[in-house]
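Below you'll find only one chain, the form predicted alone, shown as structure tokens.
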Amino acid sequence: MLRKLTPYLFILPLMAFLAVFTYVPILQSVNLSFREWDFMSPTKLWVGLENYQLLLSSRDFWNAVKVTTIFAVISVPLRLALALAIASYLVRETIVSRLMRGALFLPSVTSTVSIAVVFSWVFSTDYGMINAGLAWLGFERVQWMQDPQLALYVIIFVNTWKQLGYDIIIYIAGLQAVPTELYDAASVDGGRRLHVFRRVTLPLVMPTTYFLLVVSVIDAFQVFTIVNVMTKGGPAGATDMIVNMLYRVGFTLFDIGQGSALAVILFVFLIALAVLKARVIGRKVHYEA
């Protein structure tokens, strides 16, 4: 009996940590989503589905869903395509490629707040580096973060710049696992580089692509820090994403019920999206060459 229980005793501290700081808060959020509470009141009034009904009838909620969806649809394919293209060139073990890997990976471990503050200065209308360069070339200054048509693309650029290094390193690991015999056979058969990439490389890095797809989609629907520091959801709600709205409703307006309901909706949506990706894309992933 002791031998059978030993593995569970080893993981017991981690399970206790997850229970206290993950599972219990999730259950509390679900409970609060059915109540009306403002952080200060000693009572949490039961309101049933009223918080969900208010959210689903809110224009701000659907705007946040639209903005977050557009962000995910653009940023995720952009990240994966750029990461795979760059990783294909940096997979060779040379001094230059190693230095480039470190330089590209550095933003992914840098403070997101620091990156957002720096890029707020870079894209500033009055004293930003980009507008200074445009003015030097004789062009008019661009209101990057004040224009509703441009602000979201600035956020996409900054988020891609920060996360790209992580995707590149993961892709390099996946490319290094591809058997070199397959490339040798393809070159003997006279296969061109693009044909080899499409017929050999892409299918064999599908497990890596699938992993990064799941991670990057979840990350795209949880973007908050960059938005909160650079635009705070503006201008005119052009960058107001779901988590930003959740923070505003829950911790600025102190409507904990609606904030919790929004968190539950996002949680259920991400779970459903992960299951859908597993059934549609996961079946096409092969883990052996």
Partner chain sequence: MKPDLTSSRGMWVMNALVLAAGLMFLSPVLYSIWMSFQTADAYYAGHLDFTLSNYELAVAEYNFARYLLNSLIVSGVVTLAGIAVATMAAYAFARYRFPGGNLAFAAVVATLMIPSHITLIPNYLTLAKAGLLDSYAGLILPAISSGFAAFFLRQYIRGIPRALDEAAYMDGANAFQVLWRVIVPISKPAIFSMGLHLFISEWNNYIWPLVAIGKEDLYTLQVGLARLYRINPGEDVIDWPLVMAASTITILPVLLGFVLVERHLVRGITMGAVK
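The structure presented is a predicted model; accordingly, all values stated were derived computationally and were not measured. Basically, rigid core = biggest C-alpha set you can superpose within 1.5 Å across the two forms. Numbering follows the first chain given and starts at 1.
In what follows, reference is made to the form predicted together with its partner chain, a form of this protein that is not presented.
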query: Heavy atom contact within 4.5 Å of its partner chain in the predicted bound form, the stretch among 91 to 99, 67 to 75, 196 to 204, 147 to 155; finding: 91 to 99
query: 4.5 angstroms heavy atom contact with its partner chain in the predicted bound form for Trp37; finding: yes
query: Its partner chain contact at Phe139 in the predicted bound form, heavy atom, 4.5 Å; finding: no
query: Exercise: Met230 in contact with its partner chain in the predicted bound form, heavy atom 4.5 Å; finding: yes
query: Contact of Val109 with its partner chain in the predicted bound form (heavy atom, 4.5 Å); finding: yes
query: Neighbours of its partner chain in the predicted bound form among 108 to 125 [non-hydrogen atom within 4.5 angstroms]; finding: Val109, Thr110, Ser111, Val113, Ser114, Val117, Val118, Phe119, Ser120, Trp121, Val122, Ser124, Thr125
query: Core-aligned CA displacement of Ile265 at least 2 Å between this form and the one not shown; finding: no
